[in-house]
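Below, in structure tokens: the form predicted alone, a single chain.
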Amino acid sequence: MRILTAGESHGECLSAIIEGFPKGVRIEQDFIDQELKRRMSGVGRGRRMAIESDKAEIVSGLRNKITLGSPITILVRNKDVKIFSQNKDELPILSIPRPAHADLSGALKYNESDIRNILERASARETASRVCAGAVCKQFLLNFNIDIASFTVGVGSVISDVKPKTVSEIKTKVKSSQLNSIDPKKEKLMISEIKKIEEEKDSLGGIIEIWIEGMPVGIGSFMDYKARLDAKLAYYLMGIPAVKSVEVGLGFNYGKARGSVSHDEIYYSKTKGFYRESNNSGGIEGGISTGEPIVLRIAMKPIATLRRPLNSVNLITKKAEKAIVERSDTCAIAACAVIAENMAAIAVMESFLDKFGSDTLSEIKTAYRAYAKNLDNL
């Protein structure tokens, strides 16, 4: 399966093309729209979210809501359109890069003096396309009872230590949350922190945890480093613009612990088969899923655009100036969580298809059942 996204932040639309998606999968456009709505939510979002009302428009690859096996094309049309592919716009040249954005490195790479030509594609607005693709993958995975959820662990210095037990619990608790949190007490402090930072014209990042439940043992491989499931998940999650680190299971805490207390001991019973009583590995060992929930954490850096801009240098004059101020969020932690879920869905589905084939849903189900039966006989 291959996914291509296209479009600019203020262009006419964003798009996603999914090639190699199996035939015979029912896809509901409303499901995609709900994911897009979640991506636009959360305390700390900017004025752009009040302008847009993202809706998916599936224009190829389905008939009567069922996938055909041909490439799936999804459009998300922008309301705030400022640039055009054929018509000239009247936007002024932007020549002062923002620290922590792609502005300067992109301008130097592409020999560009107008940062507008960099930031339009580098903008996190592009992730709406990825959410569309991930929402399609989520619907495929539900055929095999593989479900994904996320929650906000912390914003700035406010960190929650509440631990969920299941994806269902996460989904239930975040429904009433403004920040995709499962800890109402800490959420109040997170919201206060965001509002304080907003008044100070600054920005905040945070930490997100993603759970993938229902994964069978044996997805991924140690035979090729590119096929390792943890490597693929880390790669896809790091592809989110603001993400600066990824952890699997204990993550960095593995570096502080002894093997005797951190490794998940193995047990066996006739009813359970092989099992573990802990999941410090985060559901992946040797690049392969263990059958336990996959648990991932990502750190999102603070938004690059500040309303009280940092020091920078004009690309044209080479003189010191304050960075440009584009309309932006103060904190987009809830949106980042939705993007992370859908990027994880894409990664998991790709590895799942590597194991069970990719032509039709019926053939994949047959292969999956045969594999599960074989595991039961071991």
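From 1 onward, residues are counted along the sequence shown. None of the values given here were measured: they were computed from a predicted structure.
Below, we turn to the form predicted together with a further copy of the same chain, even though it does not appear here.
Asker: Counting non-hydrogen atoms within 4.5 angstroms of a further copy of the same chain in the predicted complex, say which of Asn145, Ser260, Ser176, Ser168 makes the cut.
Answerer: Of the candidates Asn145, Ser260, Ser176, Ser168, Ser260 is the one lying within 4.5 Å of a further copy of the same chain in the predicted complex.
Asker: With the partner absent here, would Asp54, Gln139 and Ser192 each sit within 4.5 Å of a further copy of the same chain in the predicted complex, counting heavy atoms only?
Answerer: No residue of the spot touches a further copy of the same chain in the predicted complex.
Asker: Please check if Lys355 has a heavy atom lying within 4.5 Å of any heavy atom of a further copy of the same chain in the predicted complex.
Answerer: Lys355: contacts a further copy of the same chain in the predicted complex.
Asker: So, in the predicted complex, is Ile207 in contact with a further copy of the same chain at a 4.5 angstroms heavy atom limit?
Answerer: Judged by the heavy-atom cut-off of 4.5 Å, Ile207 is in contact with a further copy of the same chain in the predicted complex.
Asker: Report yes if any heavy atom of Lys318 sits within 4.5 Å of a heavy atom of a further copy of the same chain in the predicted complex; otherwise report no.
Answerer: Judged by the heavy-atom cut-off of 4.5 Å, Lys318 is in contact with a further copy of the same chain in the predicted complex.
Asker: When the contact criterion is heavy atoms within 4.5 Å, does Ile346 count as touching a further copy of the same chain in the predicted complex?
Answerer: Flag for Ile346 set to yes.
Asker: Since the partner is left out here, which residues of 270-296 would have a heavy atom within 4.5 Å of a further copy of the same chain in the predicted complex?
Answerer: In sequence order, Phe274, Arg276, Ser281, Ile284, Glu285, Gly286, Ile288, Ser289, Thr290 come within 4.5 Å of the partner.
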